[in-house]
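First, one chain by itself: the form predicted alone, in structure tokens.
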Amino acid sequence: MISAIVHSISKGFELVCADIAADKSISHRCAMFAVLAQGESKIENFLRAEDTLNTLKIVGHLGAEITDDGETITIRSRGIQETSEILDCGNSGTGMRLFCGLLSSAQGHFILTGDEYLKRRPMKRVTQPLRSIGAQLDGRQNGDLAPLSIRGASLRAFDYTSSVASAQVKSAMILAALRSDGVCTFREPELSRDHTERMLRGMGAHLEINGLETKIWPIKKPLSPLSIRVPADSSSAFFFAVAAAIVPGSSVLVEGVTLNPTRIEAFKVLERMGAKITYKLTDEKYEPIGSIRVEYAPLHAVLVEENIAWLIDELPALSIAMACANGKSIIKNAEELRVKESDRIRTVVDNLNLCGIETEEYQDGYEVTGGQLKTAYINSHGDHRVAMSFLIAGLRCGMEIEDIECINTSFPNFFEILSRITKVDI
């Protein structure tokens, strides 16, 4: 495994980022949704990271014609075709769970697999509701673990209430509903991220959203092709927002980033902790897009227990800000963290303890008592967000992180941007 050492810095920095990695969630969906369209979908600024390139490769295996001139990816769909290839999602839970919904009604037989980490992640939250509407879907441990086998079937209309607020579960069920035999209803306990709904409506799908309830009508003809420039990923930008928030005298300006309210909740929490943050809207088509500026200010503790589905990916990085804040911060209602690339509750708590930070772990969250971060040797457990979070922590005290290859799954130029702030040895 490859390790990285990040060196602490003694003074503040000013950073302008126009090259934050493109949004991972939107890039996945661009590739997948293009197969539902008629004509050529054109995608600029597609994230060329391992996870999203795996999704693009799968779309090619499913019969789409893909061209890439280095700036724009063009996808011409011929409908979903059966393939003899094993469809490898790599490390992406988003890819695997959404493909379950997309392929459940497609004609043919399909096998989804992934890397050693993805094969340990639970899939029953998607496979179980899909089975209940007629999907022929199976895998290890009664469909809970990959590899997963899907034989396309006729799907029944549904009225489904999810027990978890998960954009992946919601998206899988919406994709299934598009080719079901009637109008479907999906409900969730709190609003999860809504890229799927925004993009499909922009392509001509009939979806009606009323609070926590979404009604989906089956499509009668192919959707309109996409023409989109993928915005910068706010989840990726947040690592450098935390960097500015914990290093006195620092500021960061991120340009061309999504300002979707379901994606910037972590910035709102950082504001509540005391950081100075301003937003500027510059464009709005499929997604609101603009810039975010974050400036250092002393941080204080915060309670995080609402809108968890909107900031679930940013909680590891937010935990670093909590470790540098005055007082005891608390995260609740975040049991979803246990089924990410690692058990992020356990991984974050254990690694903060190694850094000399006092914590207390709960089933659905943890407490972090702010203090003095200390240099430590951190194991990322193959989790890209854990790896990047503790590299940012290293700006305060220096840090060595083991198993950093996983960062390429979502943020290929992370180290190039980090090297503008400090020295990094790999």
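Throughout, we count residues from 1 along the sequence that is shown. Treat the numbers as computed from the prediction; the structure is a model and nothing was measured.
Although it is not shown, the form predicted in complex with shikimate-3-phosphate is what the next lines describe.
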{"item": "shikimate-3-phosphate in the model of the complex: contacting segment from 90-98, 246-254, 174-182, 265-273, heavy atom within 4.5 Å", "value": "90-98"}
{"item": "Listed residue that, although shikimate-3-phosphate is not shown, lies within 4.5 Å of it in the model of the complex (heavy atoms), from E197, D313, D115, E287", "value": "D313"}
{"item": "Heavy atom within 4.5 Å of shikimate-3-phosphate in the model of the complex - residue from S105, S77, S342, Q168", "value": "Q168"}
{"item": "Interface membership of R131, shikimate-3-phosphate in the model of the complex, 4.5 Å heavy atom rule", "value": "no"}
{"item": "Interface membership of R125, shikimate-3-phosphate in the model of the complex, 4.5 Å heavy atom rule", "value": "yes"}
{"item": "Contact label in the model of the complex: S25 to shikimate-3-phosphate, heavy atom within 4.5 Å", "value": "yes"}
{"item": "Within 188-220, the residues that have a heavy atom no more than 4.5 Å from shikimate-3-phosphate in the model of the complex", "value": "R193"}
